[in-house]
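Before any questions on how it binds or moves, here is one chain, the form predicted alone, in structure tokens.
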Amino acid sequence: MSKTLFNKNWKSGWKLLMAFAAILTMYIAIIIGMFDPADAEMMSRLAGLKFSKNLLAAFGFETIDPSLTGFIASYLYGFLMPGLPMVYTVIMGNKLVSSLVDRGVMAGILMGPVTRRRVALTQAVYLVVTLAVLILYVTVLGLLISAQRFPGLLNVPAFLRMNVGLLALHLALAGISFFFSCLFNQTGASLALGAGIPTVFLLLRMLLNSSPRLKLLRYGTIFSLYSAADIALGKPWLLPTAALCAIALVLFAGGVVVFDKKDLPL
């Protein structure tokens, strides 16, 4: 890994990371603050005044468990937490490799005493580290807000498991974006698949949520490997989480190998 390149990435990318942290802070504070221990169904009824039941289900806005943990799993981790950090992943995944090649910056980087493999590995590590920092931040924030607003009501172990699974999900999504960023030299092609595939996966998840009869869709999206609501209810989570981690490892390793072997317009 190149420490110089990693630090350069941090200097150019910390503002984007902070912007997403700020957006997530707003949503976490607002949604957790809306929980009413005496009426956990309030959000469903309020939302149902304007939207159909199927539409709410598509976004994961269903009260499966009336506890604070279940409320957070549905209204924060049903759609927002899988969806919003995914945008960061797509932007950063493209920016770290394909965009540098497309703009001719990669040629300057590779003129230094650093190999292609080392460059690709550094970019992969940076993406993984910043994602881990973002998920760690929202985990700590969720714990603090819950403890301050509703002391003793949050099932902390379940909440931590939800965030471990969430990190695994985003690492798998990051692997997709990173792989295609390494595969293509043009930003357009990189984004078409690096952003397009995760978006299709998310849309398939929404369709599956809105109509459980479409059971076959669960085989077409990696989002089926993560369900915060199931984790909140104590259902098995280690195997799906391990599968997401394996997907991430294969894609990141594949991206490094592809970038090391392909022809570059240098």
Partner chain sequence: MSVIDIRGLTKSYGPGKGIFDLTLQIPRGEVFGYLGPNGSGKTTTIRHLLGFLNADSGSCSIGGLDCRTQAAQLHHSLGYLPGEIAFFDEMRGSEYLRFLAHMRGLRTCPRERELLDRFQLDPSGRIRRMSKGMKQKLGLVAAFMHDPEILVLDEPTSGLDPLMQQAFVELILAEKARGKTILMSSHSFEEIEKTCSRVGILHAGHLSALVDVADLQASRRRVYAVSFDREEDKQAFLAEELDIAGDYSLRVDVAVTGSLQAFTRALSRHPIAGLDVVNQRLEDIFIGYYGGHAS
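The model shown is predicted, which means the values in this text are computed figures rather than measured ones. Numbering follows the first chain given and starts at 1.
Quick note: we don't show the form predicted together with the partner chain, though the next part is all about it.
Contact annotation: L110 falls within 4.5 Å of the partner chain in the predicted complex, judged by heavy atom distances. Of the heavy atoms in V114, some are within 4.5 Å of the partner chain in the predicted complex. In the predicted complex, at least one heavy atom of G104 sits within 4.5 Å of a heavy atom of the partner chain.
The closest heavy atom approach of L100 to the partner chain in the predicted complex falls within 4.5 Å. Of the candidate stretches 68-76, 164-172, 188-196, 114-122, only 114-122 contains residues with a heavy atom within 4.5 Å of the partner chain in the predicted complex. Along 226-264, these residues reach a heavy atom to within 4.5 Å of the partner chain in the predicted complex: D260, K261, K262, D263, L264.
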